[in-house]
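Starting off, we have a lone chain in the form predicted alone, written out as structure tokens.
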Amino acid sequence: MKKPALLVLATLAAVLVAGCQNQRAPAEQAVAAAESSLTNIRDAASHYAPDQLQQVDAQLNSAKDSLAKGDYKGVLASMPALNTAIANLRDTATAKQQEADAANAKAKDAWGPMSTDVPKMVDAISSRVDILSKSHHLPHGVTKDSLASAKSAVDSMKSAWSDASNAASSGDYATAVSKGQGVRDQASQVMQSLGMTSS
């Protein structure tokens, strides 16, 4: 009588173990798939949606912990929410990247004329400063102080323009235009102080 009872218990135990093992493979596959999906968008997400990425990473790490503890049922139960979070993260990062690309394309269009106009303004100021520095009489409205200020401004504008050009060379036209606009504004002020007209 004892043998059949032990056999039943052993069979039940085997069924339970098999049940757990049956859930192990799907749980492992689900975590691996989620991790792979997240890896594919990690670079864009870290740049355009870092806070959201942090939250999704926390969810994934929680699922990995459950997997390590053998809680396969818990892993599978957490997957729908995790997969939705990854999909939402992908949508957010993609949308923000498209916005950034569009802004950069617009800035690229603006950079074209700016890359010609601003160096001309700086060169004109530099030439005017050289002429006035050699002159014994400054024109009406131009003081020694404004001339000295214009001299130092030429160096700072050339340096800032170099930064703008480097940004454009690396494809970051938004930064290039922002820095270039700063140089243009400064050049306009200096031209005014030297009695020059900006074309």
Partner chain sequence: MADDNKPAADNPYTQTHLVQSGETLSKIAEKYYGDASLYTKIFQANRDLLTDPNKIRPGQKLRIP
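By rigid core we mean the largest C-alpha set that fits within 1.5 Å across both forms. Positions refer to the first chain, counted from 1. These numbers come from a predicted model, not from an experiment.
Another form exists, predicted in complex with its partner chain; not displayed. Remarks below refer to it.
J.: At the 4.5 Å heavy atom threshold, is residue 57 in contact with its partner chain in the predicted bound form?
T.: Contact check for residue 57: no, nothing within 4.5 Å of its partner chain in the predicted bound form.
J.: Can you work out whether residue 173 and its partner chain are in contact in the predicted bound form, taking contact to mean some heavy atom pair no more than 4.5 Å apart?
T.: No, no contact at 4.5 Å.
J.: Give a yes or no for residue 122: in the predicted bound form, does one of its heavy atoms lie within 4.5 Å of a heavy atom belonging to its partner chain?
T.: Yes, contact at 4.5 Å.
J.: Heavy atoms within 4.5 Å of its partner chain in the predicted bound form: does residue 41 have any?
T.: Output for residue 41 is no: heavy atoms all beyond 4.5 Å of its partner chain.
J.: Using a 4.5 Å heavy atom cut-off, which stretch among 90-98, 122-130, 104-112, 77-85 contacts its partner chain in the predicted bound form?
T.: Only one stretch qualifies here: 122-130.
J.: Residues 26, 31 and 62 are flagged as a possible site; in the predicted bound form, is every one of them within 4.5 Å of its partner chain by some non-hydrogen atom?
T.: No, the candidate spot makes no contact with its partner chain.
J.: If we check its partner chain in the predicted bound form, which of the residues in 128-146 reach within 4.5 angstroms of it by a non-hydrogen atom?
T.: Sequence-ordered list: 128, 130, 131, 132, 134, 135, 136, 137, 138, 139.
J.: Is the shift of residue 58 between the shown form and the other one large enough to count as movement, that is, does its C-alpha move by 2 Å or more after the core is superposed?
T.: No, residue 58 moves less than 2 Å.
J.: Against the rigid core, is the Cα displacement of residue 133 between the shown form and the other one at least 2 Å?
T.: Shift of 2 Å or more: yes.
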